[in-house]
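This document opens with one chain alone, in structure tokens, the form predicted alone.
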Amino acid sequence: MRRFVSITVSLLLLALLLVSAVGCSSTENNASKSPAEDQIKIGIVQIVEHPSLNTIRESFVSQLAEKGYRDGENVFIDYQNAQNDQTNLKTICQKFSNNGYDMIVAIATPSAQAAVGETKEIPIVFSACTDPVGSGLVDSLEKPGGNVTGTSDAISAEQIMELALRITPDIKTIGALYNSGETNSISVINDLKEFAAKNGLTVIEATVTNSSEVQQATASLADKADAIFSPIDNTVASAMPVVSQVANQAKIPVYVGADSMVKDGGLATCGINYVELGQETANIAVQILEGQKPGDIPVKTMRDMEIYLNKTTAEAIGITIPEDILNEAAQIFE
């Protein structure tokens, strides 16, 4: 019996050690790597895992390699994921700053804000920051100033809602689902309200502070709104399968700000290409590595908007997407 208890305790201790190791690796993704003296050190900080942000990161690294800066060769890339935790963000950016990295690449607005708060010397290149000026990252889009520049994923709430009214013309009430702590989301919701006021529509809001609140917030909107709108909100995007499940049960369309959110169950968007966004972010990084000052490089805003649709979601909620919209779509998820 004692031997059995001893073995059981040993197994439990081993399990705890394994869980602890996994927990540590959630943000210290490259802890086992160390840079060579002649390598350029680039730290990538990402607020949370979700497809749009992952696409940016992968596209960035790929484009950087195309330009001659290859991870493991002449470049050391340290990727860290904050798991949507502000404390983690600060710790990661402090590490990059204290270790004298040559560049910080910050994916999403909260990541960029954390990086800016830790260094005024190391070049910071942000990506997927919807409103860089309003978020306090740069002085202006044309002349960012300081040690910061990057790419914006600004979308048009007006264009998305015009698409929504083409697909579901009977919308009168729009439910706005977003994290009230994300400045990037607030700016888009303000645009949504302006569009609604001009077009005789009503906006009701359900805000969240973390992903655990998304299900209840979605359910509350589904009871009151004809459609749900969510901008490129990191908290909502990371919980899109939950949003989709609740909305589909209520037969409510969800219009979103990013192609990945459509892929994860949203009905439609008119948005940007995140592969191209990652490539443009890398192009800016290369300009800096080759001697240009970040503050002199204009922020790149993507101008080409494309339609993304989810046919499976349309069928689930009983909506027939007009043929002309299907023909215009850049991608249809099934």
Ligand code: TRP
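Residue positions are given as counts along the sequence shown, with the first one as 1. For clarity, every value in this text was computed on a predicted model and none was experimentally measured.
Below, we turn to the form predicted together with the named molecule, even though it does not appear here.
Residue in contact with the named molecule in the predicted complex (any heavy atom within 4.5 Å), chosen from Asn248, Asn81, Thr119, Ser260: Ser260.
With the partner omitted here, the residue from Ala268, Ala285, Ile56, Ile42 that has a non-hydrogen atom within 4.5 angstroms of the named molecule in the predicted complex is Ile56. Across the options 46 to 54, 61 to 69, 290 to 298, 305 to 313, residues that bring heavy atoms within 4.5 Å of the named molecule in the predicted complex belong to 46 to 54. In the predicted complex, at least one heavy atom of Ala108 sits within 4.5 Å of the named molecule. At the 4.5 Å threshold, heavy atoms of Ile228 stay clear of the named molecule in the predicted complex, well away from it. The closest non-hydrogen atom of Thr149 lies beyond 4.5 Å of the named molecule in the predicted complex. Residue contact with the named molecule in the predicted complex: Asn234 places a heavy atom within 4.5 Å of it. In the predicted complex, Cys129, Thr130 are the residues of 129 to 148 with at least one heavy atom within 4.5 Å of the named molecule, listed from first to last.
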